[in-house]
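Quick heads-up: it's one chain on its own, the form predicted on its own, in structure tokens.
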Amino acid sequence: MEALVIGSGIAGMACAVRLARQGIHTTLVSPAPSEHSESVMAAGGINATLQGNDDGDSVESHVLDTLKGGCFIGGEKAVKGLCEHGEEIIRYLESIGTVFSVDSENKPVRRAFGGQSHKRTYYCGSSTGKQIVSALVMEARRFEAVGMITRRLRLNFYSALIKDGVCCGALLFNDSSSRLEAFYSDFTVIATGGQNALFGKTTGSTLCDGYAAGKLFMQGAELKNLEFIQYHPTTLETPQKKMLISEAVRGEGGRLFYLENGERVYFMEEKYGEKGNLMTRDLISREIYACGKEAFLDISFLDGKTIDERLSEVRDICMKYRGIDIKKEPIPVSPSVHFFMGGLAVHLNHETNIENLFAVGECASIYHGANRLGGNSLLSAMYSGFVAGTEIAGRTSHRKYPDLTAYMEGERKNLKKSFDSKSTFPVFYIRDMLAETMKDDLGIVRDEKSLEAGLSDIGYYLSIAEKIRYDRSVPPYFNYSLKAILTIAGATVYSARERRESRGAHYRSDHTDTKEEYAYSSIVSYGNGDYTVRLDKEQIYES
């Protein structure tokens, strides 16, 4: 059997390693090395319930916290599986070289993260994602050395190869040759991350732009819960991007405040008590938005050793990009798009509605419901990769690959034709306008008027995309990806309009109540240029 994994962050590598370990040759492709993936930006930690956790902590408590944080539309079966495997994943990561922070007795230490009833977030200083990526890279290289993993770089997903509802591989765009390459496979796994580039500057990587999910959506894959977009409450504005000020800062005791008449107002503590700074991310983001003032996060009262040992990356980011010494002064912070709970709809085994097409990591929607808890992203990245890998390894392929020569030749002609376009309209102008539309009309607080305006704008961008899409000043990928990116953007705004309630990270100022009739995941499908949204009351995506 042959497996193809597209995306080499933590979820993609976890899946590839699991497949290779079970004797399945896997081709692992990505536009850049794993060290450039968004996974390295995950600084705070990974959740797990181990022996030695706080008294009263348990897997059941982790499950409840996760379901509660997701406003109970994250599936209980999926969340239970995720939380039950926390210890196994921590032990596995340790076995391949991940070095978790320990105390003076050499015991792993944990920090508090928002929305959790106990300290259960294990960490590697302030660079947990980097540590896990490094360990998985070395593990993947072991399997590369024996021929079980073949790694290919500078390849971007272009489209899936689908025949009669069955995926049999993918067309990939080669940056080096500017040509399409066909990769046939028995099973294809998408691990391409979230949709950061829809919003311009965010905390995430611009390599994660939603194109793969958007293209698959246009090819018949269903999407789920797109309206739930997590704004991280504490980011630092820089000319290049929004730099994440990890939740670890608040986990170590950081306090949020704003100034009024020169006096500090610790607004989260005043409203929610001593644990106010560790409320869920959606709630804190809305409180910062509502106060209408510049917010600050203070950690200067901690001793310098604690900051150097546990928050060194935050210390370095603040000094490098803004000249702020966090040992002496507070950090100016603001909310920014950070994580996408929505993505490709998958079943418990991470298969989409297209047979033999799987999705893992942030591009798959299954565990987080309406809002993700900090520390659960790294856990779900590892777990989803393992689940998909195990499922695939248990299957047998008895079919021959269909003849898709005509389809592939048609796509190659379309791509060549696009290169011959005489248009000089800069494609990034449309990308920039889209980002402004998404930020203005799909922000922390939304209403019918803003969502209708967003749909109107995106509809216009789509109407001209075919005419202006090609710009010779940028790599071809940015040109051919435009329509699918606009399409998933439209589906996202449409889904937000159709959910006329407030739940988790989706807040409607014109529908502020959480309504029982919407206590389900939303599934969006595509056909003839139109979106259709349904609530998954039948639990077709049982999770």
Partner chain sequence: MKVSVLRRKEPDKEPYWESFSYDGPEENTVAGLLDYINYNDDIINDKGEKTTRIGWECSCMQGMCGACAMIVNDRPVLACEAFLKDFEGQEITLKPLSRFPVIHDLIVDRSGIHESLKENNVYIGEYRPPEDKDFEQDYTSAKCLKCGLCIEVCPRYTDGRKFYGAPFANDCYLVASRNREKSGEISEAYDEHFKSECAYDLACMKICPMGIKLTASMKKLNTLKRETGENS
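Basically, rigid core = biggest C-alpha set you can superpose within 1.5 Å across the two forms. This is a predicted model, so every value here is computed, not measured. Residue numbers count along the first chain shown, from 1.
The protein also exists as the form predicted in complex with its partner chain; that form is not presented, and the subsequent description refers to it.
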query: Heavy atom contact within 4.5 Å of its partner chain in the model of the complex, the stretch among 184-192, 140-148, 265-273, 298-306; finding: 140-148
query: Contact at N174, I458 and Y460 by its partner chain in the model of the complex, all three, heavy atom at most 4.5 Å; finding: no
query: Residue (of E411, E351, E313, D441) lying close to its partner chain in the model of the complex, criterion heavy atoms within 4.5 Å; finding: E313
query: Option touching its partner chain, based on a heavy atom within 4.5 Å in the model of the complex, out of F257, F217, F100, Y158; finding: F100
query: 4.5 Å heavy atom contact, E94 and its partner chain in the model of the complex; finding: yes
query: 4.5 Å heavy atom contact, L207 and its partner chain in the model of the complex; finding: yes
query: Touches its partner chain in the model of the complex: G292 (any heavy atom, 4.5 Å); finding: no
query: T396: touches its partner chain in the model of the complex, heavy atom cutoff 4.5 angstroms; finding: no
query: Heavy atom contacts to its partner chain in the model of the complex at 4.5 Å, residues of 116-130 in sequence order; finding: C124, G125, S126, S127, K130
query: After fitting the core, S95 CA displacement of 2 Å or more between this form and the one not shown; finding: no
query: Rigid core fit then N106 CA moved by 2 Å or more between this form and the one not shown; finding: yes
